[in-house]
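Consider the single chain below, provided in structure tokens and representing the form predicted on its own.
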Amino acid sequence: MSLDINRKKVTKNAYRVTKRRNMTAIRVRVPGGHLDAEHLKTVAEIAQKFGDGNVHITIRQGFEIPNIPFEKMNEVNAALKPLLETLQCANGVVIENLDNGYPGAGMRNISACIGNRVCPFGNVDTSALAAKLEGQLFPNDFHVKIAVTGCPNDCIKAHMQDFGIIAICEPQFDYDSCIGCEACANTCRRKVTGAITMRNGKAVRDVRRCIGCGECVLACPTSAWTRNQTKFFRLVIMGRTGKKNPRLAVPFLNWVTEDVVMKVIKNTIPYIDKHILRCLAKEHIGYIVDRTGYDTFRREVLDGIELNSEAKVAKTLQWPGYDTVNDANMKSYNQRKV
């Protein structure tokens, strides 16, 4: 890396400091994993003209174009303009100068499964929700990872995110349309939680066991089960990989509306700004929650939010995972033989 390069400016501008001297890589945002095919040409052109012709598809559904000389950054920023215009038009992002490239990189690309635009299991349009979140949160310098999944199958791996948004449905039952075939009960017992049983020849749903997957809706041959038109979500939080205590996210909110989800995540920004360790180049939000405690997090992110009547909030949270310094259960192969 050249000595006259401002590292903070480079990384804020969505470029990566790489292992190759005098070379960088640009990260291209693709909110919700949805991109018009026309814009793939822009990605290809930048890779061919300024890089080495290679493009890496990231785990967060964006693109990374490697091996760009630092002196080409201004030209690359200008070439990114069509993609930045899409961020503004399709996602409602406000970018003051489209010629200067990405104005932030801390808020990671918001990923999403394909949702109900294509998938029969999808309860919502996941790409549309990701676009709304993009407009609300980007640009932002805080390190936060968000993913939206259309159903509890969780194809996007929402449980490995800081905020995993899982779309769920409240099944509506038409007693007269039920013919007692047991298709819904069998499906729920075999594939889900066994929330549906039969009583006097009719299906009965145990609301405590129901996770809102919608499998009963798909299984019913007479449409006795249908999806409630109101969209509900489960919000799981603070899952992570990395070096320190990898863990799955756990449910924070259940049966909340989109409006609640949007407001909670928006409230996270001032929470981070208040508690982040500024002596670090960046700090993962999960570590901030660990440090401040769940009660503080819950109080501050729910401040001023009126929850819908169906909403449930976790009283306490305990994350599963493993401690990387706890090796009491680990022995070398030679030690085991002794």
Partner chain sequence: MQSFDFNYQQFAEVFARLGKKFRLFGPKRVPGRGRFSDTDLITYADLQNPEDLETAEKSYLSPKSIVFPPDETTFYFTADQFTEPELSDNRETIVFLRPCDINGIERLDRIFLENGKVKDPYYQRRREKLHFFMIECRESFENCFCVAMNANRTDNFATAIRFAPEKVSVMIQNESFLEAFAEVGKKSDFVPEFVKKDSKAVNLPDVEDMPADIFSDSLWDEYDSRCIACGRCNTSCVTCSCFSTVDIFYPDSRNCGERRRVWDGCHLDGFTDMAGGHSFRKDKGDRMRFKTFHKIYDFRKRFSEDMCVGCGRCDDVCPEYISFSSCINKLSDRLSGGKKDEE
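Residue numbers count along the first chain shown, from 1. Computed from a predicted model, the values in this text were never measured in an experiment.
Another form exists, predicted together with its partner chain; not displayed. Remarks below refer to it.
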Is there a heavy atom of N97 no more than 4.5 Å from a heavy atom of its partner chain in the model of the complex? no
Answer for C178 alone: is it within 4.5 Å of its partner chain in the model of the complex, judged on heavy atom distances? yes
Although the partner isn't part of this model, could you tell me whether L218 comes within 4.5 Å of its partner chain in the model of the complex, counting any heavy atom of the residue? yes
Would you please decide whether T193 lies within 4.5 angstroms of its partner chain in the model of the complex, comparing each non-hydrogen atom pair? no
Within 4.5 Å of its partner chain in the model of the complex, all of T18, Q61 and N153 (non-hydrogen atom): no
Counting only heavy atoms and a 4.5 Å cutoff, which of 120-128, 76-84, 240-248, 205-213 contacts its partner chain in the model of the complex? 120-128
State the residue from K72, K132, K231, K157 whose non-hydrogen atoms include one within 4.5 Å of its partner chain in the model of the complex. K231
Of the options T257, N116, N267, N91, which one has a non-hydrogen atom that comes within 4.5 Å of its partner chain in the model of the complex? N116
Just to make sure I understand: among 222-240, which residues lie within 4.5 Å of its partner chain in the model of the complex, judging by heavy atoms? T222, S223, T226, R227, N228, Q229, K231
